[in-house]
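The chain below stands alone and is given as structure tokens, in the form predicted on its own.
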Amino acid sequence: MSAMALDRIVPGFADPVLDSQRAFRAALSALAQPGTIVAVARPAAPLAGVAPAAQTLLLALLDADTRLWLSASFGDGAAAANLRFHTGCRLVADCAEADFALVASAAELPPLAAFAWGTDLHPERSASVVVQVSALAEGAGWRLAGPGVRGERRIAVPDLDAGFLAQWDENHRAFPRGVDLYLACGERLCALARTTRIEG
């Protein structure tokens, strides 16, 4: 890593073991209960343009075997340098090759079909996609159903439109293939598992 890149490195977790464990549990909780908003602890130092929840999640989940794709707004800047430094992940230029993706905003989200969906025999080879959104609210908006959803659960994500819902329906129908999605808004996080059905 060049000296210029090292100048952009900020602390990751204040307590790498405990903080990563907490973040991992939050990620599991969100994925096990789709549409439930969970609070995620802030990283030791925020990265410009990266939601704290997204930064914390990726610091906990990425490792040297992980291929990461970043949407255009991140370029080859501080987010890329820090995530590589703290996790050892490898950056890829093609989202189809990624195990994880960080998308700066809904406007930069590629079609879901562009990501790896795994195979029927190896669904674990699919991508997990982290999308930063401007707002998340429970109790209104989409109606969710499927594993991990008890009774009625609703989530409002104003940044994602009917076009996304059509793509999500295709993603859901491909089970066991398909991507899992994390939505990050500030220090809050929720997940949509590929098993989740969404009604607009």
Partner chain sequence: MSARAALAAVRAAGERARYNFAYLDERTKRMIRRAILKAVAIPGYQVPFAAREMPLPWGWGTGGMQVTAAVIGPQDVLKVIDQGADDTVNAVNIRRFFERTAGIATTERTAHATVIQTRHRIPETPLAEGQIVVFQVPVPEPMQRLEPRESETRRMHALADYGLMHVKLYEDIARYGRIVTAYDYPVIVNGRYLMAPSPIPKFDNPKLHMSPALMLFGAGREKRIYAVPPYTRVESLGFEDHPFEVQRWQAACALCGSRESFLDEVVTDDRGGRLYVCSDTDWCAARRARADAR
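Positions refer to the first chain, counted from 1. Nothing here was measured: the structure is a model prediction, and the numbers come from that model.
Absent from the display: the form predicted in complex with its partner chain. The rest refers to it.
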Contact with its partner chain in the predicted complex, heavy atom within 4.5 Å, among 40, 59, 155, 50 goes to 59
Self-check item: Close approach of residue 123 to its partner chain in the predicted complex, 4.5 Å, heavy atom
Solution: yes
Worksheet item: Does residue 128 reach its partner chain in the predicted complex if we count a contact as any heavy atom within 4.5 Å?
Response: yes
If we define contact as a non-hydrogen atom of the residue within 4.5 angstroms of the partner, is residue 186 a contact of its partner chain in the predicted complex? no
Just checking whether residue 66 would be counted as a contact of its partner chain in the predicted complex - the rule being heavy atoms within 4.5 angstroms.
yes
### Task
Run the contact test on 11, 105 and 134 with a 4.5 Å heavy atom cut-off to its partner chain in the predicted complex and return yes or no.
no
For its partner chain in the predicted complex, the stretch among 27 to 35, 134 to 142, 156 to 164, 42 to 50 with residues bearing a heavy atom within 4.5 Å is 27 to 35
Within 126 to 165, the residues having any heavy atom within 4.5 Å of its partner chain in the predicted complex are 126, 128, 146, 147, 148, 149, 150
